[in-house]
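Take a look at this one chain, the form predicted on its own, written out in structure tokens.
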């Protein structure tokens, strides 16, 4: 008589998955691979080509980026589509469910900004800059401001609408802006978060302001970082 193989009916857990019913564990199954969250971050302001993603994530290899895009697409977090002529190139963009991860970035950002080891002077891309604005805006400090603010970050342009204690930002041509900032994202971050004097950045030619200067100077004060762990206050 042959013995029968007895199984529990459960598949053997993947070494890359937690095999845990907790929704937080499943979130890590979906986004916990190295680079996965940052790929999602870079798509938060719209579709990008593969080459754009590689340029915005200089530490990632083409092979790893391909793997992450495939995994995120399989999970339903992003899709690949082909632009119509004359572009006729493939781009990657988040699904509606993918865009719903923004609060995750905001919560992580607020939490990690309190780390005594966080260094705001490290390389900082445009997407990270504008996500930080939506995360760190203090509605009390922004009270009474109703303005359109433009940004030229390298070859990209963005428009922000600030009002009712909120800021909405989109990748778009600059139009009817009350004030325009032209600077690298790292320079903007250094002035806003790392204490670099505005006059110093301007004197070095690293930052230029067009339009309402008092509004520009006030805007730079609207994003206070939380106290770091161990600091008083």
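Positions refer to the first chain, counted from 1. Since we're looking at a predicted model, the values are computed, not measured.
Beyond the structure shown, there is the form predicted in complex with a further copy of the same chain, which is absent from this document and is the topic of what follows.
Only one of 177, 30, 53, 184 comes within 4.5 Å of a further copy of the same chain in the predicted complex through a heavy atom, and that residue is 30. Three-residue candidate spot 21, 100 and 128; every residue lies within 4.5 angstroms of a further copy of the same chain in the predicted complex by at least one non-hydrogen atom. Heavy atoms of residue 166 never reach within 4.5 Å of a further copy of the same chain in the predicted complex, leaving it off the interface. Interface residue remark: residue 201 is not counted as part of the site for a further copy of the same chain in the predicted complex, having no heavy atom within 4.5 Å.
a further copy of the same chain is not shown here, and in the predicted complex it never comes within 4.5 Å of any heavy atom of residue 79. Contact annotation: residue 107 falls within 4.5 Å of a further copy of the same chain in the predicted complex, judged by heavy atom distances. Annotated contact segment (heavy atom within 4.5 Å of a further copy of the same chain in the predicted complex): 120-128, selected among 137-145, 86-94, 150-158, 120-128.
Residues of 31-62 that come within 4.5 Å of a further copy of the same chain in the predicted complex, judged by any heavy atom, are 31, 32, 34, 35, 37, 38, 41 in sequence order.
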